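Listed next as C-alpha cells is one chain, alone, in the form predicted alone.
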Amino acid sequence: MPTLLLSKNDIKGLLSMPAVIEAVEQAIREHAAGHARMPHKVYLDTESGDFRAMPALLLGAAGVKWVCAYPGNPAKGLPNVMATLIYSDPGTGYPLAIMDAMDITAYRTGATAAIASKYLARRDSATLGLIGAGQQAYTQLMAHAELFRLKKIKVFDILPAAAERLARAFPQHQVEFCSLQEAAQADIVCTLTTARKPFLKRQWILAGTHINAVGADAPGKQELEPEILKEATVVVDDIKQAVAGGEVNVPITQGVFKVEQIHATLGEIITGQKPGRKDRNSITVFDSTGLAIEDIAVARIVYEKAIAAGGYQSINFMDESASGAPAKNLGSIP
C-alpha cells in the first residue's frame, strides 16, 4: 500500500474552511463524549526553540503532528513555526500519509476559535478585532466570516505592512488598520501574538465582548491582563494543556487565578454539559492551546480528498518482506 506524500501546495488545494469547521467541531464532540484519545503535548526544548509532539486517535483516524517553534528562523529564511503530520490507519498502524501540517494547523486553529465564538459570543456579533496580522489572522478572519455577518474587521500589528497585506487579501471585507486599543473594542477579539507580557488591558474591553486568546500556547506566554480572566467566563480547549501553557498558565503560576475559576471546556459547552454565555453583557474568554484531535480531524478530510482525486505523489515504505518474512537486510536473532 502506498503512503501519500502531500506538500504544502498539495494541502492548500485540499483545504476548505467550511469542511474544516465541520470536522473540528465533530472531533471536539467525539472527545467530549469519550470517543477519542489524546495524550497531552510533549515539549522538547532546544537552545534555539522547541519541538512539540501531538498524537491523537479519533473514530477511524489516528496520527501525530511534529511541530516546532523557532523564533529566529525568519532571519534564516525559514518560518518560525513548521509542522509535519503522519496520518495512520488505526486498524493496522500503516502510515497512510505524510503531510505538511502548517496550513492544517492554521486552518484548524482559526476554525476552533470561530467555533468557540459560535457558542460564546453574542449571535449578532458584527465586528472582529484581530491583534496580530500574521498567518493566523487570515484563517481567523476566514473562519469567523463563515459563521458571522461581519461588518468591520479591526486589525492591529506592530508592523503596519502586515496589516496592509491582510486588508489586500480580503477586498470583500471592510478591513481597517487601527490602534491596539481600537482593535480590542470589538464584539469578538482574537489575540494572535507571541507575547510573554500581557498587553490586552481590562479597561479597553467592552461589555459583552468575546475574546479568543490564541497566542499563548507554551509556558510563560501571556496576552491578557489577569483582571480580564477574573471577571470573565473562561472556557478552555483542554484544562491540563491550558494550565501548563495556555493563557491561564502565568496567572495560575502567580496565584492570581485558580484552576477552579475555569468555567468549562469547549467540548462541555458544545455538548450541552455546561452553559455558555450568561447574558449579553458578560465577557467571555476562550483559551486556545491547540488540540491534536483537531489536527487529525483535518488530516482525515485532506487524506480522503486526496485519495478520491488521485494523482498525488506516494512512496511504498514496505517491500515484499512485509507479508511476514524477515526483511532481507536484517539478520536473524540467535
Ligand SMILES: NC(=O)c1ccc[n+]([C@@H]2O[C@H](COP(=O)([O-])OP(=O)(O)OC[C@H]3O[C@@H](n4cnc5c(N)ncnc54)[C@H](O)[C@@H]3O)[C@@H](O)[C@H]2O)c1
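All values reported here derive from a predicted model rather than from experimental measurement. Throughout, we count residues from 1 along the sequence that is shown.
Missing here is the form predicted together with this ligand; even so, the following discussion is about that form.
- F156 belongs to the set of residues with a heavy atom inside 4.5 Å of this ligand in the predicted bound form.
- Within this chain, I239 is remote from the site of this ligand in the predicted bound form, having no heavy atom within 4.5 Å.
- Not displayed here, this ligand is kept clear of P251 by more than 4.5 Å at the level of heavy atoms in the predicted bound form.
- Taking the partner from the other structure, this ligand in the predicted bound form has no heavy atom within 4.5 Å of any heavy atom of M38.
- In plain terms, the part of the chain that comes close to this ligand in the predicted bound form, with a heavy atom within 4.5 Å, is 133 to 141 out of 133 to 141, 115 to 123, 259 to 267, 225 to 233.
- Taking A167, C178, L147, A195 one by one, only a single residue has any non-hydrogen atom within 4.5 Å of this ligand in the predicted bound form, and it is A195.
- Of the listed positions (A69, A53, I301, A32), a single one reaches within 4.5 angstroms of this ligand by any non-hydrogen atom in the predicted bound form, namely A69.
- Using a 4.5 Å heavy atom cutoff, none of A111, T209 and I283 lies near this ligand in the predicted bound form.
- If you take 196 to 222 and check each residue for a heavy atom within 4.5 Å of this ligand in the predicted bound form, you get F199, V214, G215, D217, K221, in sequence order.
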